[in-house]
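Encoded as C-alpha cells, the following chain is the form predicted on its own, with no partner shown.
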Amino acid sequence: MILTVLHKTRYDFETPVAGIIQSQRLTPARCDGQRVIDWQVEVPGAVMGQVFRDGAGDYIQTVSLRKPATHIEVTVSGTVETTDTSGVLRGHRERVPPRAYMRATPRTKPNRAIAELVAEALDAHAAAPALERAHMLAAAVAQALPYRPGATHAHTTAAEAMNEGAGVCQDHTHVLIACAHLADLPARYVAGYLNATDDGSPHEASHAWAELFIDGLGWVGFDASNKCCPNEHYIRLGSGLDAQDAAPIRGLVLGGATEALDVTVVIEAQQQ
C-alpha cells in the first residue's frame, strides 16, 4: 500500500518566547513493513540538526529556533510504501535489549484493577504460548476499555484509565503495557500513523499501539483500540516506555509562555 502523510503541528505563544528547542521523532522507522519513498520535515526559521538513529532504532532530529518567536510550525509530508507483516517487526535494527522495556513509568504503573484484568485473562491459560497470551491480553484491554474520545486527557495514566472504564488509543496502549509487564512480557509504546478508511479517502489520524516482545519471534504490535495487529494501514514512527517517551515532538521553550496547540494529520492511500 502507498500512504501519503501530511502532518502539521503549530504552537502559538501568548507572549513572545526567547527561543525553542525540540527533539523530533518524525521520520518513519526503517523496517521490512515500510519503505520511505519521500519524506520531509520543515520548520520555517529553525536550525535543523542532523538526523541520527538512536539505540532503539528510531530516527531523531534536534530542531532549534534561536530568536524571539510568537509561534513555531512543524510540517511533515511524505510517502511510504507499506506491507502487512502480521504485526511482527522485522528488519528493524536496534541495540536496546528487550528486558529494558520491563520498566514501568508513572503512566504505565499497574494498579489492582489492571492486576485483576491480567488474572482474569490468563489464569486459566498459564501454559499457553507467549504469543497466544499476548493476544489474550490485548483482547482483554479492548473489552475492559471501550473507545470513548474525551473520556481521558493527555496525562491520564493507565490506572486512571482503568478507573474511568474508557479511553482512547493512548490509554489502551498504556494499559496493555502494564498488563504485559505483569505477565513478564517486555512491552513498549509505539507512535505512528493510521489510515483507517477502507475506500482510501483522506483520514485524520495519528495513532498509538503497543509492541510486546515474544521470545523466538521478536517484537509484535498489538492495537487494542482496533482489536488487531498493525498491518499495511500503519506507519511506525518510533517507540518508548510510554506516550511521553515516544512522543513525536518533545520540546523546551525558553522564557516559557502560555501556548495554544493545533495539530492536523491527514493520511491518504494511493492507488497502485
Partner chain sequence: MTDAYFNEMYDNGNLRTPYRMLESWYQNMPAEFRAGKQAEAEDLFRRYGITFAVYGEGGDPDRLIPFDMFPRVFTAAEWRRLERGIKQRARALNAFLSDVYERGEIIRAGRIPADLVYRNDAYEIAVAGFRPPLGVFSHIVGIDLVRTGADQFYVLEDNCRTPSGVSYMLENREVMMRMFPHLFQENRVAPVDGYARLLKRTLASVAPEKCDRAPNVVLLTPGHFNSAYYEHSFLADLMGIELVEGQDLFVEGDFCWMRTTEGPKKVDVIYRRIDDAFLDPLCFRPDSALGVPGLMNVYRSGGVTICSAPGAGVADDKAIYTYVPEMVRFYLGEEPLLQNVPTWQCARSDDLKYVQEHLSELVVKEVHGSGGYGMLVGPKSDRATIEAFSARLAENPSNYIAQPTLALSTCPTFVEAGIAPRHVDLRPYCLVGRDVDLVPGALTRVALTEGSLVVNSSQGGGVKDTWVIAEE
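Residue numbers count along the first chain shown, from 1. Quick caveat: nothing in here was measured; it's all calculated off a predicted structure.
Missing here is the form predicted in complex with the partner chain; even so, the following discussion is about that form.
Contact check for Leu122: no non-hydrogen atom falls within 4.5 Å of the partner chain in the predicted bound form. Though the partner is left out of this view, Glu132 does not reach within 4.5 Å of the partner chain in the predicted bound form, counting heavy atoms only. At the 4.5 Å threshold, heavy atoms of Ala257 stay clear of the partner chain in the predicted bound form, well away from it. When contacts are judged by a 4.5 Å heavy atom cut-off, Ala18 does not count as touching the partner chain in the predicted bound form.
Listed residues Arg95, Arg90, Arg112, His153 were compared with the partner chain in the predicted bound form; Arg95 is the one with a heavy atom within 4.5 Å. Remark: of stretches 60-68, 209-217, 34-42, 225-233, the one touching the partner chain in the predicted bound form is 60-68 (heavy atom within 4.5 Å). Shown here without the partner chain, the chain has Ile21, Gln22, Ser23 in 1-40 lying with a heavy atom within 4.5 Å of that partner in the predicted bound form.
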